[in-house]
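Two separate entries follow, structure 1 and structure 2, each one form of the same protein chain as structure tokens.
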Structure 1
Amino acid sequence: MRVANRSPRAVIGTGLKYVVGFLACVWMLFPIYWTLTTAFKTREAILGSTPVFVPTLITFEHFRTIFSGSVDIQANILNSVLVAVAAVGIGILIGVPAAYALSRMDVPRKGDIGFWILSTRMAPPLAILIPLVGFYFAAGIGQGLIGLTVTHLLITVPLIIWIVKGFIDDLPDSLEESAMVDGCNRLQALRTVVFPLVAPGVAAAAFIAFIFSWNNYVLALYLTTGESATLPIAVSNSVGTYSIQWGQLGAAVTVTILPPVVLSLLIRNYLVAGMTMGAVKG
């Protein structure tokens, strides 16, 4: 179509579309852009009376400070990784078989069990935390990473069960049946046919669960103290105690959001399924 043939209305419409799109993208991106650039700006550029939109002078000083200087968040990163990996690992270990059973096997009151698992994810975890803390102290764990990991299972297990169940539901039954007619028992059919085919789904579920565990703030707020603090706790603690070191804050935020953003983009095709516990297929 030639431009000359377009009606004025169509031209305005197209123009408007670009403007709306541009504004929406700015709205979505600017906070991230601003924080990322702040992490690389010099103190002068950050505190100057005119904001620097495109930093010309780039410094890694803030990253040095948070990794080896006065703040040192390395231990906190390690804590976060430990808790998330453990909670996701256990979640996969116990959640994937449960997902398979719920999807394929003749489990009595299957629907009710499924809904119950879903509802455990809906309940605000703080309400559950009050009595759990009592248990942890009684068990001698108290505040710390073990208690936090156990509590994070509340995040990872239902998530993994429902996401993986969705992926298994999508697989035709006849694949396992064929394998079982062809000489496998159910476990062997699972290993040779089902697992290889749902592996991407399991990976997606693991990544999503990792992100939710990594991002969690409120459980760690009470359950961790001092050196057991996870990254979100450490980052938030750096604010407000005395005058805020904005550059360090920007650097810490950058480090915090990097894993979830990278993982999410890796599983972008499964993101909707993951975020909705399998209710929406991407």
Structure 2
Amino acid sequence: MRVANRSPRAVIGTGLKYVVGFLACVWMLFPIYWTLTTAFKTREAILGSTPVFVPTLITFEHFRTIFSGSVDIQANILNSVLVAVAAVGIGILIGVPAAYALSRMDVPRKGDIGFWILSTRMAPPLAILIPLVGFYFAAGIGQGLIGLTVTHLLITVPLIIWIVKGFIDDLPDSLEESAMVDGCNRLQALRTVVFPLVAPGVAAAAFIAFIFSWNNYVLALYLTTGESATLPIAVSNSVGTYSIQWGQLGAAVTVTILPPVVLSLLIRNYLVAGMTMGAVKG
């Protein structure tokens, strides 16, 4: 009845919205689809004059090349995993208590402190590279995983603090007050009351921080060398001076995007709960 009573202009407008939305999805997802299919295409299909949108002949040669051939990105994958996990883990240990302090405790000039923490995300990475490189070489950790992990904390800690602080702000103060009346101190109230309630928000913040750390290219380019290079550096090596190894590039990109996708599937329940916490429910 509602559809029958709608005017032709409203029906056309709704149809146009769906068409525009569909075209926007195709526009955004087609590069990902093309990259994934390129990883499984033969060299002839990739370099042929006629584009092959749906490959009929599947090959895993490009994956064999990047894992056991002249490229061998296994060490790069391990480096990326170590850096991302360490940056996110340490970021949570620092960020969650800091977010609680900024949300609940009477910290002098905490508004200015919060803005300063947020402002660290406004500076481009290249603006901090020169002093960081000099400092790391003076400290003896230049071009290694330790220096890169410490630098990634500049990305993960502000993100975690600001995201988790928003979730803690939505919790009523009476929860911690009740726990402290029962004998808990601030740290125990944070561990036993606040943290379990904001765990979905912490998971969402950790996931976003993991993506930022996993995909970072600029910092790894200047702060790592051959043995300590991360996966984005290995992907860029598929682009040579005179040629581009399209199959290897597609396979390397496919391997790069798999960990965030798998991680999102594993913690999808926490992510959904984290994204909906604080939403107005009617």
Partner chain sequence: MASVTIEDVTKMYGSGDGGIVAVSDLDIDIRDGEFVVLVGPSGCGKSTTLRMVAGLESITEGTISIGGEVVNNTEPRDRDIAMVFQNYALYPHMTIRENIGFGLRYSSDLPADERNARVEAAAETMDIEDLLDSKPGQLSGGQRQRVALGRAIVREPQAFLFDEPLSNLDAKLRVKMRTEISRLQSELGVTSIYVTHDQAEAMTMGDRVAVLDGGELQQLAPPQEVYDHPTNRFVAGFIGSPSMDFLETTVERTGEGRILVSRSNETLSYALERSTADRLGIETGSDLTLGVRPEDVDVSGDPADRDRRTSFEATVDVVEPMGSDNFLTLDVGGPESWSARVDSSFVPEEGSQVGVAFDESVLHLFAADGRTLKSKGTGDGSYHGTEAIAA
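Worth saying up front: this structure is predicted, and the values here are computed from it rather than measured. In this text, the rigid core denotes the largest set of C-alpha atoms whose superposition between the two forms falls within 1.5 Å. Numbering for residues begins at 1 and runs along the sequence of structure 1.
Here the chain coming from the form predicted alone is structure 2, while structure 1 comes from the other form. Relative to the superposed core, residue 15 has its Cα moved 4.6 Å between the two structures. Core superposition places the C-alpha of residue 259 2.5 Å apart between the two structures.
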